[in-house]
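Listed next as structure tokens is one chain, alone, in the form predicted alone.
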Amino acid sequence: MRIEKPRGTRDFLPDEMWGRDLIEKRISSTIENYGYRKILIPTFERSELFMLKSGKEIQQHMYIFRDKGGRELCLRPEATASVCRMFAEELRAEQKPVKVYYSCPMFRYEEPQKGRYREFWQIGIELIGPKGPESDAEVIDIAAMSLKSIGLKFKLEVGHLGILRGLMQDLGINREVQNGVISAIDRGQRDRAEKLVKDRIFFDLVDMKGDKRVIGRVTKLIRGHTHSLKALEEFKEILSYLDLMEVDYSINLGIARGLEYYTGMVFEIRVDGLGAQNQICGGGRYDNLIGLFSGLDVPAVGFAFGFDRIIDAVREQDIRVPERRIDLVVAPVSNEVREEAIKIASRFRGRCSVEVDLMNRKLGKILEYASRINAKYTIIVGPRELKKGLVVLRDMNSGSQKEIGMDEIREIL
């Protein structure tokens, strides 16, 4: 019987995993340079965790099931709600700020297509505790620096939901309708949004895009709208910190973000060449979500990378990822010296990566294999050389070889 992998999932072969791991390590290293610590959240959670504020878009695509005790659970569709639950349950006594990051798969039952899978990977950060504009700017800076660490070219756009929601509040639009408007804008459903908001000024605001000169036009547009102006002042402070950090960005007040928990600054990062699935990062401030789980008034801000799309973008932009290399292949020329070859391999493991022939190949085939796996050196173990306390070290790049002692091999490695 042939059993295939489920639709929307993938197998990652060794060469691909090597590249994915290298890129993930560069991103993780950048994040850790800002003082963030890695966490791991459960693969499945109680479904109500994501029903509270993740938004209808995610709720419609959740993998929901009941366990043997009749409890309704789901595979995690995103991480922020889980991290907030973890904070309320495990980390509330920690010294603030709490800086954490994660790297793990998420699950959504969506129609599989290029750049969109039912099992997909995210790398994200959550900064819990601080509320000031410098914390928003730090999160954006981390996202930009992480992508620079892998050489990716990208476009960063920053907006502020407080400006949009503040204007709707000033126009007398209730919170539930605001959520519908934000969701419609996020999905590109302009007609639906226009049925919910009749005032033209709102859509003029949504269309504001460009460099910092946009701020002047926005100020004139929302003159007299108190809540929106207050959010604009906060936005201007965030931008000033981004300028201080020399982050290259553009303003886009049409960024809505479909998750209902966002309250303030929002941002998105896109790359060319991926078609409709060109967004590789999204995030923002969510000051009320932790309170839903704990009753605590704790502000927070974060983002998540779509790691699979980052990998696609690396390929699209022809960014070279170093190939995997084995340092040593140990090649016994006969069964007579096989035990000694295994001893030699064991001696060097811990210092470098070592393979010993396990297929009982002839020497020529072992050398072919060593070349194919991109090995740096091959140690050829023969009875004649062993009697002299030597082996033959072959440089797989140049093809040159010489008889050599073990101590000298250690110096070379």
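One rule holds for the numbers: they count along the sequence shown, beginning at 1. Since this is a predicted model, take the numbers as computed values, not measurements.
The same protein also has a form predicted in complex with adenosine monophosphate (AMP), omitted here; what follows describes it.
- Query: Is there a heavy atom of P130 lying 4.5 Å or less from a heavy atom of adenosine monophosphate (AMP) in the predicted complex?
  - Reply: Answer no; every heavy atom of P130 is more than 4.5 Å from adenosine monophosphate (AMP) in the predicted complex.
- Might E316 be said to contact adenosine monophosphate (AMP) in the predicted complex, defining contact as any heavy atom within 4.5 Å? No, E316 is distant from the partner.
- Looking at the partner-bound form in the predicted complex, is G306 within 4.5 Å of adenosine monophosphate (AMP) by any heavy atom? G306: contacts adenosine monophosphate (AMP) in the predicted complex.
- Indicate whether adenosine monophosphate (AMP) has at least one heavy atom within 4.5 Å of a heavy atom of R257 in the predicted complex. Close contact exists here: in the predicted complex, R257 approaches adenosine monophosphate (AMP) to within 4.5 Å, heavy atoms only.
- Using a 4.5 Å heavy atom cut-off, indicate which stretch of 191-199, 132-140, 107-115, 334-342 touches adenosine monophosphate (AMP) in the predicted complex. The contacting stretch is 107-115.
- Listed residue that, although adenosine monophosphate (AMP) is not shown, lies within 4.5 Å of it in the predicted complex (heavy atoms), from L253, L167, A81, C281: Contact check passes for C281.
- Message: Exactly one residue in F203, F293, Y241, F120 has a non-hydrogen atom within 4.5 Å of adenosine monophosphate (AMP) in the predicted complex; which is it?
- Response: Of the listed residues, the single hit is F120.
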